[in-house]
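Given as structure tokens, the chain that follows is alone and in the form predicted on its own.
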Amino acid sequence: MKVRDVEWSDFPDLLDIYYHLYDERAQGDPIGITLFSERPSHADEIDWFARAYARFERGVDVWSVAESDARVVGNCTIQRLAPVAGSEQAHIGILGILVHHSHRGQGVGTALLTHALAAARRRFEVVRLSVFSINTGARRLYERFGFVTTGHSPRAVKRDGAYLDEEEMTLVFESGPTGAANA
């Protein structure tokens, strides 16, 4: 497995991973990401990817992908909370991670976090994420990287008539974006 920065040509694989989540949800699998009620159109996803990729290219966001057998099998983004220069929250990044169902539990998440957080240390002072409270495996992974639980949101997601709570987790790079972090 190889972990690297995203490339424009990764779009088809990333779209496949994302669209498969809708199939998993329909099968009742406990996926750990919130989705729209209906799968977005291909055109909507192209628009989203173009905007997200432009932010990455400008150095606003961090975007790492994991590749196995010449296919992208996961991705991790850290998006600047307030991408406007001079914002009082421009030092905060919001982490999102997604691994193809066939590669979960194989170290892909660990590799993605290692790569993405190394880049984030150069750009952010704080990284936040939200994770479903029932997703204990993901929570343990984040804790290994130094994230701590800083909040709890009851009934954060309503899926098929059932509610899911979320935990807010935060990683603070003690030395800021220019030095070595204590994470």
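Throughout, we count residues from 1 along the sequence that is shown. Owing to the predicted nature of the structure, the values given are computational and were not obtained by experimental measurement.
As for the form predicted together with a small molecule, it is not shown, yet the points below apply to it.
Checked against the small molecule in the model of the complex, the candidates 51, 58, 42, 140 yield a single residue with a heavy atom inside 4.5 Å, and that residue is 140. In the model of the complex, no residue of the candidate spot (87, 93 and 123) has a heavy atom lying within 4.5 Å of the small molecule. For the chain shown alone, residue 144 is a contact residue for the small molecule in the model of the complex, at least one non-hydrogen atom being within 4.5 angstroms. A residue is said to contact a partner when one of its heavy atoms sits within 4.5 Å of a partner heavy atom; residue 71 fails this definition for the small molecule in the model of the complex, lying far away. In the model of the complex, the small molecule lies within 4.5 Å of some heavy atom of residue 107. At a distance threshold of 4.5 angstroms between non-hydrogen atoms, residue 157 is out of contact with the small molecule in the model of the complex. Of the candidate stretches 29-37, 115-123, 42-50, 149-157, only 29-37 contains residues with a heavy atom within 4.5 Å of the small molecule in the model of the complex.
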